[in-house]
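So this first bit is one chain, no partners, the form predicted alone, shown in structure tokens.
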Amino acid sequence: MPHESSPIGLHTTMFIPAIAGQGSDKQRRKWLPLCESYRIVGTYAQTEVGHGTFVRGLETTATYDPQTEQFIINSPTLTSTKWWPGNLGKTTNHAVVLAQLYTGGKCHGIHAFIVQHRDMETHQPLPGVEVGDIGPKFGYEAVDNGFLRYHNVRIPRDNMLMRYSEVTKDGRYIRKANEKLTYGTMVFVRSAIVSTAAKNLGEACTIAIRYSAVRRQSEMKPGEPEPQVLDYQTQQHKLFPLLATSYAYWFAGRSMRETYLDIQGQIMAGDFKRLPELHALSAGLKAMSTWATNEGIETCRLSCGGHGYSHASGLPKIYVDATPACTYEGENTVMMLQTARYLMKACGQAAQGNELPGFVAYLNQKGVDRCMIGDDLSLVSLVSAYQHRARRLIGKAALQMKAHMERGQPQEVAWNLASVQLVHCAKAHVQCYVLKNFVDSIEQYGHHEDVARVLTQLCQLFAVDGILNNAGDFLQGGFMSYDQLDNMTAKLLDLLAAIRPNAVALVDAFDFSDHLLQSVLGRYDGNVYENMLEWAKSSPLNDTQVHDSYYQYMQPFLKEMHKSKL
């Protein structure tokens, strides 16, 4: 099944990259051939029962013993049990384990270690290791997410990944490189999550829009044929903004990945100027894209009516596979607060007159006091409005923080008291980036006039829908008038009508095969009803006309009920 994850997926996506990125030259020469030849199969063990996103709070320990030149890996508490790593339960035999490093009685924080947990011949757990599957989940049925506990398991000193820091034979701790280098890996992983979220939302939109073009319902005018459901404005209002959102985040994920690759050379050379902004932006984009996808897939399911509830639609499977992204690789609210922390620093620098780098440079600009969006919905004016909103909300959150601190609150308490506003301003910043990036991406298609025109309509719809969903932000301070807001509603309805003729072509452009979608409703050929009946007939319950359960339970029950009536 296309939507089933590989039982060794973490080996290639996390285990090997962790060794390649954090191992020394010597370690890469030793371990990577073993990994790539599948002589060992590994996973990535970070999350614990008691801690996930807060990595510094992990409780697993790695204590160095200089007498034996070994690390002692231990799970000192119940909450230190590793929990959730994919493919850990029954498949893998090694793991990159994140643990608190202790040497000479001092803790040096979280470091990564290669730890074997199953025998290479028998596949039985090694002495001192408890490992197993965590049980059924909301989705990802093919993945054996596992638990893992260590009881003073010893590993060689060289099993600590030592590209950025090391422990010498006599137990001295040496930091060899800037720890910010590890941020680069996070950025790359999050860019992949954003792109995957956009793909998942695009799949759901493809199914819902294709089916809405096939399905006919009710009478728009008495006596006339039933219209396609996609011709109803309410259906367009449900689906077309989601279509625009999937395009917007697809462009955003691609842009973030390309930017990371562009600056990778600078990072490796020790130039980290652009990394903090990219790290903060990747956190916010990860959160916003997965939230939008999680909500959007459900809207697509509902827009398919009762048939959307059937597995034949393909939508339930897409939903259960997409929704974990809201919590894995960082819980989304925490991700937004990471973005907000960077924005507060940038806001402070801008207030001091310092020029800001990259996308946050808009915080240096005064901007306009009144909304300049006209009937033409120029992309420049839409971006300007989003920048005004983000700039104002960031400044407002910073003032709120300052007010709490002036009343005597410590900074960390002030941060918590202003956290709702901090998340709100971070959302505004990310939405502003996504819109600006969408606009910039359209310029790449300037030589295709028709493509650029349709993409511009999608971009405008994305922007206008965002304004209407956050109307209070744009009205505050008199930036936008109520008449302008009413005009936004009228323009949104115009855009729905303009996009309607190209809606099916826009989802076809994703080029998702029927094999990938696994959806009767979203078939490319539109033959929905014939294949829905065939899909139903293929159910195992239809292998026999009378199921065994009828003779075992139903027939005796009916006979007994008949006797009691007599």
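Residue numbers here begin at 1 and follow the sequence given. Because the structure is predicted, anything quoted here is derived from the model rather than measured.
One more form of this protein exists, namely the form predicted together with a small molecule; it is left out here, but the text below deals with it.
Of the residues L337, M480, V360, A428, just one reaches the small molecule in the model of the complex with a heavy atom at 4.5 Å or closer; this is L337. Checking W84, Y319, F113, F251 for any heavy atom within 4.5 Å of the small molecule in the model of the complex turns up a single hit: W84. In the model of the complex, the small molecule lies farther than 4.5 Å from every heavy atom of Q409.
At a distance threshold of 4.5 angstroms between non-hydrogen atoms, Q70 is out of contact with the small molecule in the model of the complex. The small molecule is not drawn, but in the model of the complex it has a heavy atom within 4.5 Å of Y44. Although the partner is absent here, N145 lies within 4.5 Å of the small molecule in the model of the complex, judged by heavy atoms. Residues with any non-hydrogen atom within 4.5 angstroms of the small molecule in the model of the complex fall in just one of 137 to 145, 363 to 371, 211 to 219, 230 to 238: 137 to 145.
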